[in-house]
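You are given C-alpha coordinates for the same protein chain in two forms, set apart as structure 1 and structure 2.
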Structure 1
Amino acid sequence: MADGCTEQEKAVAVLVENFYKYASKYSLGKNKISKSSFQKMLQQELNHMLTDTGNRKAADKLIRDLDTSHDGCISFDKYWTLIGGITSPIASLIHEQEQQSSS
(Lines of atoms letter the chains of each structure in order from A and count residues from 1; the text may use other names and numbers.)
(Lines give C-alpha, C1' and ligand atoms only; values in the text may rest on other atoms or scores of the structure.)
Protein backbone atom coordinates (compact mmCIF):
# COMPACT_ATOMS: atom_id res chain seq x y z
CA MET A 1 0.00 0.00 0.00
CA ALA A 2 1.14 3.51 -0.72
CA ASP A 3 2.46 5.62 2.14
CA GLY A 4 -0.25 8.25 1.64
CA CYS A 5 -3.11 5.93 2.60
CA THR A 6 -5.75 7.03 5.06
CA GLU A 7 -6.31 5.15 8.32
CA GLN A 8 -9.46 3.60 6.87
CA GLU A 9 -7.66 2.45 3.73
CA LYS A 10 -4.96 0.87 5.90
CA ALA A 11 -7.62 -0.87 7.99
CA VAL A 12 -9.27 -2.34 4.90
CA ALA A 13 -5.88 -3.51 3.62
CA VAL A 14 -5.17 -5.27 6.94
CA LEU A 15 -8.52 -7.07 6.81
CA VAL A 16 -7.84 -8.28 3.27
CA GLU A 17 -4.24 -9.27 4.03
CA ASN A 18 -5.27 -11.22 7.14
CA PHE A 19 -7.84 -13.22 5.19
CA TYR A 20 -5.24 -14.33 2.67
CA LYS A 21 -2.58 -14.92 5.33
CA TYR A 22 -4.80 -17.47 7.05
CA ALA A 23 -6.32 -18.81 3.83
CA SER A 24 -2.89 -19.54 2.35
CA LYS A 25 -1.94 -21.82 5.26
CA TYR A 26 -4.53 -24.34 4.10
CA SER A 27 -5.04 -23.45 0.47
CA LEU A 28 -8.54 -24.59 -0.40
CA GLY A 29 -8.79 -22.73 -3.63
CA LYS A 30 -8.96 -19.17 -4.70
CA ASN A 31 -10.70 -16.79 -2.31
CA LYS A 32 -11.68 -19.41 0.27
CA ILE A 33 -10.67 -20.16 3.84
CA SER A 34 -11.51 -23.23 5.92
CA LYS A 35 -13.81 -22.70 8.89
CA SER A 36 -11.08 -23.94 11.24
CA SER A 37 -8.54 -21.47 9.78
CA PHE A 38 -11.14 -18.75 9.99
CA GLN A 39 -11.77 -19.51 13.65
CA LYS A 40 -8.01 -19.41 14.30
CA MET A 41 -7.87 -16.02 12.60
CA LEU A 42 -10.70 -14.71 14.78
CA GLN A 43 -9.04 -16.02 17.92
CA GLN A 44 -5.67 -14.50 17.05
CA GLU A 45 -6.72 -11.29 15.31
CA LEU A 46 -10.01 -10.36 17.02
CA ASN A 47 -9.55 -11.99 20.40
CA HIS A 48 -10.11 -8.81 22.41
CA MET A 49 -13.30 -7.98 20.55
CA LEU A 50 -14.62 -11.50 21.01
CA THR A 51 -13.88 -11.90 24.71
CA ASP A 52 -17.49 -10.97 25.46
CA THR A 53 -19.50 -14.21 25.41
CA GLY A 54 -22.30 -12.54 23.44
CA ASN A 55 -19.89 -11.39 20.74
CA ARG A 56 -18.27 -14.85 20.55
CA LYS A 57 -21.66 -16.58 20.27
CA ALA A 58 -22.73 -14.15 17.55
CA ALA A 59 -19.49 -14.79 15.64
CA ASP A 60 -19.92 -18.59 15.93
CA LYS A 61 -23.47 -18.32 14.61
CA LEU A 62 -22.36 -16.10 11.74
CA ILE A 63 -19.63 -18.58 10.80
CA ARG A 64 -22.15 -21.42 10.70
CA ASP A 65 -24.60 -19.34 8.69
CA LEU A 66 -21.96 -18.24 6.16
CA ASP A 67 -21.12 -21.79 5.09
CA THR A 68 -24.25 -22.03 2.97
CA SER A 69 -22.71 -24.61 0.64
CA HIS A 70 -21.77 -26.78 3.67
CA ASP A 71 -18.29 -27.39 2.26
CA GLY A 72 -16.44 -26.26 5.38
CA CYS A 73 -15.15 -23.12 3.65
CA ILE A 74 -15.88 -19.44 3.76
CA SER A 75 -15.40 -17.30 0.66
CA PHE A 76 -13.85 -13.86 0.80
CA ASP A 77 -17.24 -12.27 0.07
CA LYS A 78 -18.81 -14.09 2.99
CA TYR A 79 -15.83 -13.20 5.18
CA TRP A 80 -16.50 -9.55 4.40
CA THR A 81 -20.15 -10.06 5.41
CA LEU A 82 -18.98 -11.60 8.67
CA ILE A 83 -16.67 -8.66 9.39
CA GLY A 84 -19.69 -6.39 9.01
CA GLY A 85 -21.72 -8.63 11.30
CA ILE A 86 -19.04 -8.60 13.97
CA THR A 87 -18.35 -4.88 13.78
CA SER A 88 -21.96 -3.73 13.79
CA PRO A 89 -22.61 -4.56 17.48
CA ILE A 90 -19.19 -3.19 18.40
CA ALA A 91 -19.97 0.07 16.59
CA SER A 92 -23.23 0.35 18.53
CA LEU A 93 -21.40 -0.21 21.80
CA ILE A 94 -18.79 2.44 20.96
CA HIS A 95 -21.54 4.89 20.01
CA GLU A 96 -23.38 4.25 23.31
CA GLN A 97 -20.16 4.77 25.29
CA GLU A 98 -19.48 8.04 23.47
CA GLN A 99 -22.99 9.27 24.23
CA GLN A 100 -22.62 8.40 27.90
CA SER A 101 -19.26 10.18 28.05
CA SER A 102 -20.69 13.35 26.56
CA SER A 103 -23.70 13.41 28.93
Structure 2
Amino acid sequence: MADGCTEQEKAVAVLVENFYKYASKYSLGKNKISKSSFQKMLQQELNHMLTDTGNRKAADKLIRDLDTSHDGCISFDKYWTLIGGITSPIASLIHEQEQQSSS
Protein backbone atom coordinates (compact mmCIF):
# COMPACT_ATOMS: atom_id res chain seq x y z
CA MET A 1 0.00 0.00 0.00
CA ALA A 2 1.18 3.50 -0.85
CA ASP A 3 2.35 5.72 2.00
CA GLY A 4 -0.41 7.71 3.62
CA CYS A 5 -2.96 4.94 3.19
CA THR A 6 -5.69 4.65 5.81
CA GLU A 7 -5.95 2.21 8.74
CA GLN A 8 -8.68 0.42 6.80
CA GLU A 9 -6.42 -0.02 3.77
CA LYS A 10 -3.55 -1.24 5.94
CA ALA A 11 -5.92 -3.73 7.59
CA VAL A 12 -7.09 -5.04 4.20
CA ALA A 13 -3.45 -5.36 3.12
CA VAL A 14 -2.64 -7.38 6.26
CA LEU A 15 -5.50 -9.78 5.49
CA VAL A 16 -4.35 -10.06 1.86
CA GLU A 17 -0.73 -10.67 2.85
CA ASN A 18 -1.79 -13.29 5.35
CA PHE A 19 -3.62 -15.17 2.58
CA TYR A 20 -0.51 -15.18 0.37
CA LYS A 21 1.69 -16.15 3.32
CA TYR A 22 -0.30 -19.37 3.84
CA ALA A 23 -1.01 -19.85 0.13
CA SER A 24 2.66 -20.00 -0.78
CA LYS A 25 4.12 -21.43 2.42
CA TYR A 26 1.97 -24.51 2.95
CA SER A 27 0.07 -25.11 -0.23
CA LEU A 28 0.19 -26.25 -3.79
CA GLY A 29 -0.75 -23.39 -5.97
CA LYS A 30 0.26 -19.77 -5.44
CA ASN A 31 -3.28 -18.48 -5.04
CA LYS A 32 -5.02 -21.13 -2.95
CA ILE A 33 -4.82 -22.35 0.62
CA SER A 34 -5.37 -25.97 1.58
CA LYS A 35 -7.94 -26.76 4.27
CA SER A 36 -5.18 -27.86 6.65
CA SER A 37 -3.19 -24.66 6.01
CA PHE A 38 -6.32 -22.65 6.76
CA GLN A 39 -6.73 -24.50 10.07
CA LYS A 40 -3.05 -23.88 10.86
CA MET A 41 -3.57 -20.19 9.99
CA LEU A 42 -6.52 -19.98 12.39
CA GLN A 43 -4.45 -21.46 15.21
CA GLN A 44 -1.50 -19.19 14.57
CA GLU A 45 -3.18 -15.96 13.49
CA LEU A 46 -6.65 -15.81 15.04
CA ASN A 47 -6.02 -17.74 18.21
CA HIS A 48 -7.00 -15.05 20.73
CA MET A 49 -10.05 -14.08 18.71
CA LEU A 50 -11.25 -17.68 18.71
CA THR A 51 -10.33 -18.50 22.28
CA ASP A 52 -11.37 -15.31 24.07
CA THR A 53 -14.79 -15.38 22.57
CA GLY A 54 -15.63 -19.06 22.77
CA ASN A 55 -15.83 -18.86 19.00
CA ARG A 56 -13.62 -21.83 18.32
CA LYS A 57 -16.57 -24.22 17.96
CA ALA A 58 -18.16 -21.94 15.37
CA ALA A 59 -14.90 -21.79 13.44
CA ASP A 60 -14.47 -25.58 13.59
CA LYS A 61 -17.99 -26.03 12.24
CA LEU A 62 -17.29 -23.54 9.45
CA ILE A 63 -14.26 -25.53 8.39
CA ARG A 64 -16.03 -28.91 8.68
CA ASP A 65 -18.78 -27.59 6.41
CA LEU A 66 -16.23 -26.12 4.08
CA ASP A 67 -17.10 -26.99 0.52
CA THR A 68 -13.64 -26.51 -0.88
CA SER A 69 -13.44 -26.37 -4.64
CA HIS A 70 -12.77 -29.70 -6.39
CA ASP A 71 -9.06 -29.44 -5.61
CA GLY A 72 -9.69 -29.27 -1.86
CA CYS A 73 -8.23 -25.76 -1.73
CA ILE A 74 -9.56 -22.39 -0.59
CA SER A 75 -9.56 -19.40 -2.95
CA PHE A 76 -9.10 -15.81 -1.77
CA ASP A 77 -12.85 -15.24 -1.98
CA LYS A 78 -13.55 -18.31 0.15
CA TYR A 79 -10.77 -17.26 2.61
CA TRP A 80 -12.31 -13.80 2.94
CA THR A 81 -15.83 -15.26 3.42
CA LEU A 82 -14.52 -17.66 6.09
CA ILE A 83 -12.79 -14.89 8.04
CA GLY A 84 -16.04 -12.92 7.80
CA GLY A 85 -18.03 -15.97 8.92
CA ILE A 86 -15.78 -16.32 11.97
CA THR A 87 -15.81 -12.59 12.72
CA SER A 88 -19.50 -11.85 12.23
CA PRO A 89 -20.88 -13.64 15.35
CA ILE A 90 -18.34 -11.85 17.55
CA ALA A 91 -18.22 -8.46 15.81
CA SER A 92 -20.18 -6.74 18.55
CA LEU A 93 -17.98 -8.39 21.19
CA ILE A 94 -14.82 -7.21 19.39
CA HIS A 95 -16.38 -3.74 19.20
CA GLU A 96 -17.04 -3.74 22.97
CA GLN A 97 -13.47 -4.92 23.68
CA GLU A 98 -12.10 -2.17 21.44
CA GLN A 99 -14.27 0.45 23.17
CA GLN A 100 -13.06 -0.74 26.60
CA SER A 101 -9.40 -0.81 25.61
CA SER A 102 -9.56 2.68 24.11
CA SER A 103 -11.46 4.24 27.02
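Residue 1 is the first residue of structure 1, and the numbers go on in sequence order from there. Please read all numbers here as calculations on a predicted model, not as lab measurements. Rigid core: the largest C-alpha set superposing within 1.5 Å between the two forms.
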Completion exercise
Lone-chain pair; form predicted in complex with a further copy of the same chain identified as structure 2
Problem - Rigid core fit then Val16 CA moved by 2 Å or more between structures 1 and 2 - result: no
Completion exercise
Using a rigid core superposition, the C-alpha offset of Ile94 between structures 1 and 2 in Å is 3.6
